[in-house]
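Given next, in structure tokens, is a single chain: the form predicted alone.
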């Protein structure tokens, strides 16, 4: 097992590696462990002048359950993702300083002036342009690592090198299996039991099977693999940009350890599923009781309207950027405009399905999130019911989706029925 660093030894480690030490004054540097994830230690190392870097080291177990052993080799997926994102996404990820294979760690740019997007959303923020830039991030990474821009042999070699079976298995279990059966990882509010039990349905399982099969078999581009709002930084009051500045990055994507070659729709769908959690939280906070979920009279729905628009903002960012890149260069001339249109439409449909699967997993499966967990008991039930009802609708109807506006419509149409008992 790799020797794990701590707040004292990480500074010594940096001092012994000139390629990392050149970014800070090691003599005045201090470290703090800031990780809140289950699979890594994350250290912020800053010197007296405020210059910093981040060291991320893989844990050999799940932080919340030390008996659950995991591979330390996920750091190699992290490094591949960071390197590719640094190369292709034009500033939408941290600068990548290097990988230490023996110590199972990476060193990256300090982003402490940025804010974790989930935390910002849970505090009530509005972040113009952030969803657009996440869409651009997905488009640039997908294009840069796929057959659209590279020779087939290059893609196939990269895909083979990016196999990440243990973490892919975690995703398969948590998103595509456990929530639809009895499982020890599942847990939910008693007030949502009727909706949970209704998920154990053969027709719904068939819809999930279509998504899982696509996940398992469509290795078309390098994915982030876990692109939720806790894996994204947004600008804060420490590093603002003007509203009319459309070129400066509004986000930075990080935490690439779940990366592998898979369907591009998966990254978009995970993002959308987490938008749904934020929307459900906002609805619950606005409501006076379950019967007033979604009722606008006497309430300020401006922030909810922004949140519900994020499906379209992210998709527009993705589609516009992807079409721009493909329009400039396609590695294979047989990829006609009509083929590209069909590929984009298919990606949209599957993204809607993956959003539903992610919403269900985050509500009743393992690894719940603060969006709902920090609500009071009653509002947590109301929000859970919104997510479960909308997520089921997305699973049932993803194959009919023809626009991001359809995703928004399916979610909005599900809200009025979410509080009705299914017993």
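Residue numbers count along the first chain shown, from 1. Computed from a predicted structure; not experimentally measured.
As for the form predicted together with another copy of the chain, it is not shown, yet the points below apply to it.
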Residue within 4.5 Å of another copy of the chain in the predicted complex by heavy atom, from 129, 144, 191, 219, is 219
Only hit among 329, 238, 101, 333 for heavy atom within 4.5 Å of another copy of the chain in the predicted complex is 333
Contact at 15, 17 and 87 by another copy of the chain in the predicted complex, all three, heavy atom at most 4.5 Å: no
Check residue 208 for me: does it contact another copy of the chain in the predicted complex (non-hydrogen atoms, 4.5 angstroms)? yes
- Query: Within a 4.5 Å heavy atom cut-off, is residue 242 in contact with another copy of the chain in the predicted complex?
  - Reply: no
With heavy atoms only and a cut-off of 4.5 Å, decide whether residue 306 touches another copy of the chain in the predicted complex.
no
Q.
Can you work out whether residue 110 and another copy of the chain are in contact in the predicted complex, taking contact to mean some heavy atom pair no more than 4.5 Å apart?
A. no
Testing 230 to 238, 282 to 290, 77 to 85, 210 to 218 against another copy of the chain in the predicted complex with a 4.5 Å heavy atom criterion leaves exactly one stretch, namely 210 to 218
Contact check, 162 to 186 vs another copy of the chain in the predicted complex, heavy atom within 4.5 Å, ordered by sequence, gives 163, 165, 166, 168, 169, 172, 176, 177, 180, 181
